[in-house]
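Okay, here we've got a single chain as structure tokens, the form predicted alone, with questions on binding and movement later.
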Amino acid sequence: MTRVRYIADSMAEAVAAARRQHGIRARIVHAGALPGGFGRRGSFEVVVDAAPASLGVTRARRAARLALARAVIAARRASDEAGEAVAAVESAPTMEVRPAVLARLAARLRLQSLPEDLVSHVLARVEEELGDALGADDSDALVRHAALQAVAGLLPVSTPRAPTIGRADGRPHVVLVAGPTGVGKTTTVAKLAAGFRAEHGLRVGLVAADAFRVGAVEQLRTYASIIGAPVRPADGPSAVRDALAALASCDVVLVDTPGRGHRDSARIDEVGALVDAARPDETHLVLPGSASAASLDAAAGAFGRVGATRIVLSKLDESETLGGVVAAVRRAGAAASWFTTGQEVPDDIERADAHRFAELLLGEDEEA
């Protein structure tokens, strides 16, 4: 990959230089401020991929990155699963012992932090589907196929719908993104905005309501400059309403909200007030696959105040266990809409797919 670095006295100048050379669809690898030295101002840099990959290559690169991330923990997982399976048998010697292939499946699901009731559900579905075939020589392949279907059925998924354009009330289609601190909300907003602009040709506007995080507004401005979208900062509910009014000529407006810790209920209520002011057509709660099951469950409960209609599962490339994600999505009471698998805009985002998620949770097919 060829990367080119542009440095200027302002972020706008650095972005403009990058756009002149590589066009509005140039993929930003990094953007930020450089510290100033003695006797000079701070500078800003933008790093872009100078040779954007084709769609097929991009997908292949994403798949390779995910495969590498999963491979790092594969050996440890296999060892842990074996120990878990043995421990399960030794701890219940008087109980009917399930076939070894089911014991291995149960161990894998538990090590993925899938709640015990959902583990039992998957095992029951597999047993119900396969019946006497569990004793066959090819039962591993049969169990994997049945388990993929059962796990996929645990994750509610909703296909993202196209924005409603030309509404009778004259409002743009409003998409609001909320979630805990550090889960990738701003990057997700940028990816969605780039998709609306490049793939659908829509007029896109951005509202930077995260006025609390240092550099958040500037980061969104950088992405907005690349796709040619106006951006309005908004500090508080009334400012959000004013920003939406200023962007009324857009087809779709995305609202980036400040991150909040799941224990900070008062500040989550502030995010809820922003939601009330924006009156979004879609509210996406971002939950990271890299978080622990306990943190995900707490976040899903705490952010119930925002009334999420969709769930974005972020950082799936960094996850070691995914069972907590399933439980959190089910607790949030909304379907998954998007998966994100990296920081690159606009590439590292894909529509949520329950079967693909099941493959990530269960791991690679050892027979493949």
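If you're wondering where the values come from, they're calculated on a predicted model, not measured in any experiment. Numbers follow the displayed sequence, beginning with 1.
If you look for the form predicted together with a small molecule, you will not find it shown, but the lines that follow are about it.
In the predicted complex, no heavy atom of Arg232 sits within 4.5 Å of the small molecule. Using a 4.5 angstroms threshold between heavy atoms, Pro172 stays clear of the small molecule in the predicted complex. Ser337 falls outside the set of residues with a heavy atom inside 4.5 Å of the small molecule in the predicted complex. Among heavy atoms of Lys315, some come within 4.5 Å of the small molecule in the predicted complex. Taking a 4.5 Å heavy atom cutoff to the small molecule in the predicted complex, the contact residue among Thr187, Thr283, Gln112, Ser225 is Thr187. Residues with any non-hydrogen atom within 4.5 angstroms of the small molecule in the predicted complex fall in just one of 196-204, 232-240, 150-158, 174-182: 174-182.
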